[in-house]
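First, one chain by itself in structure tokens, the form predicted alone.
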Amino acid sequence: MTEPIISIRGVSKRFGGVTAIDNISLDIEAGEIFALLGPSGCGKSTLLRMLAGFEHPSDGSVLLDGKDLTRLPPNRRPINMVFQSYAVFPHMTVAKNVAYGLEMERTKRSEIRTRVAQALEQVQLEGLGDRRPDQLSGGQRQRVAVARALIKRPRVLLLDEPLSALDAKLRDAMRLELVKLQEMSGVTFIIVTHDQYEAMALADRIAVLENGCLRQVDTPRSLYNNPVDAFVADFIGNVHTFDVSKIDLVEGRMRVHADILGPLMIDKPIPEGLLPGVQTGRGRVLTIRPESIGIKTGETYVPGHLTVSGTMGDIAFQGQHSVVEIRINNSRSISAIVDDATARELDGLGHETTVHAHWAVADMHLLESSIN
């Protein structure tokens, strides 16, 4: 097995009495796009700044290719960073912006010209070297920042919220361009984002952080289908949760008593620590994703499915699909994702029509509501 390009070992970061990063360990493989994902204030940008060398860990170490660079200053690390604001120099041309790092290193002018031309071609900005940043679109300015970082041939490129300043349509286009750039350059990309859809579209693997703690590291598909707890399930996509009051073990199977669902036989791996007899379910939830929920107007039994009745609420058109609200009672509603034909049919029935939400019990997950 090859050695990871980046190893983060037991890293913590404290600012006074506040712990921003709490004992995080993870490995990042060479040539992958790796995303640090989490809500605002979770510590992802602090971790990125420690990789760049702008912050130093309070505890732990950061290794690159097996060598400790924990205390190395930024200019001595083979790592470059693209900031959220792009930080292109407005008074310089595109070519001068891209060449800036090489000029600071006093690289020969002939080599600078060659490498700038190559970098601009790589990010599809050839012919624009004489323009200034205010003559470029937001997407083009981002590519200038990426070219300026890649021209120094770093081992790792860090990108802090690289798409946040772009509109929705341009973000979609730039996601594809970033993936292509990474494939062409072979440089390891580490991206910070709070947008789970962006992370899933870009990254080979994702680390989910919350309150300075590492919750799970996995591929986008595995995070979505096999979250370790309710926080990850809710942050990676949408999910409905039902509080569990108790769990019985019956002949090697679990009978789970959940809010508004009643007792259900769940064929899932039995959580560690559960013993035969009546068990508390405190701290656990059952989850189901909206796309797993179907809607019917009659009470026809669907084998293996759980049915919950309610009244139809709002229908939100989303293009290829619609999100339908089902009001279970005065305090609870759930939503289902349906195709356009189903949405049109339901829309014709009107609000307050009695409908029945149903889903396969096998599609539910029994998860911890918190790791604490």
Partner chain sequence: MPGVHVAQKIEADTVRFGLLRRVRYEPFNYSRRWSLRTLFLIATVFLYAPIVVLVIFSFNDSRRGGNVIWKGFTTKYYSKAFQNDELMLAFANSLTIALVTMVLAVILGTLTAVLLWRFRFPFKPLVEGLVSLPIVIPEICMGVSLALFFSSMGWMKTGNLMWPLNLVNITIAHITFCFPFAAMVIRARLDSFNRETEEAARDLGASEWRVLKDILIPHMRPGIIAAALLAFTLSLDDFVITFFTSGPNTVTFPVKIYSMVRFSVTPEINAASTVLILMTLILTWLALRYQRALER
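Residue numbers count along the first chain shown, from 1. Note that the rigid core is defined as the largest set of C-alphas that superpose within 1.5 Å between two forms. Quick caveat, the model's predicted, so the values are computed rather than measured.
Although not depicted, the form predicted together with its partner chain is the subject of the following passage.
- Residue 85 is the only one of 225, 85, 164, 124 with a heavy atom lying within 4.5 Å of its partner chain in the predicted bound form.
- Listed residues 268, 246, 132, 205 were compared with its partner chain in the predicted bound form; 132 is the one with a heavy atom within 4.5 Å.
- Of the candidate stretches 181-189, 144-152, 284-292, 236-244, only 144-152 has residues whose heavy atoms lie within 4.5 Å of its partner chain in the predicted bound form.
- At the 4.5 Å threshold, heavy atoms of residue 261 stay clear of its partner chain in the predicted bound form, well away from it.
- Residue 81 belongs to the set of residues with a heavy atom inside 4.5 Å of its partner chain in the predicted bound form.
- In the predicted bound form, its partner chain stays beyond 4.5 Å of every heavy atom belonging to residue 197.
- Its partner chain is not drawn, but in the predicted bound form it has a heavy atom within 4.5 Å of residue 92.
- Residues from 283-301 do not approach its partner chain in the predicted bound form: none has a non-hydrogen atom within 4.5 Å of it.
- When two forms of a protein are overlaid on their rigid core, residues whose CA moves 2 Å or more are considered shifted, and residue 135 is one of them between the shown form and the other one.
- Once the cores line up, the CA of residue 299 ends up less than 2 angstroms apart between the shown form and the other one.
- Remark: with the core as the superposition reference, the CA shift of residue 104 between the shown form and the other one reaches 2 Å or more.
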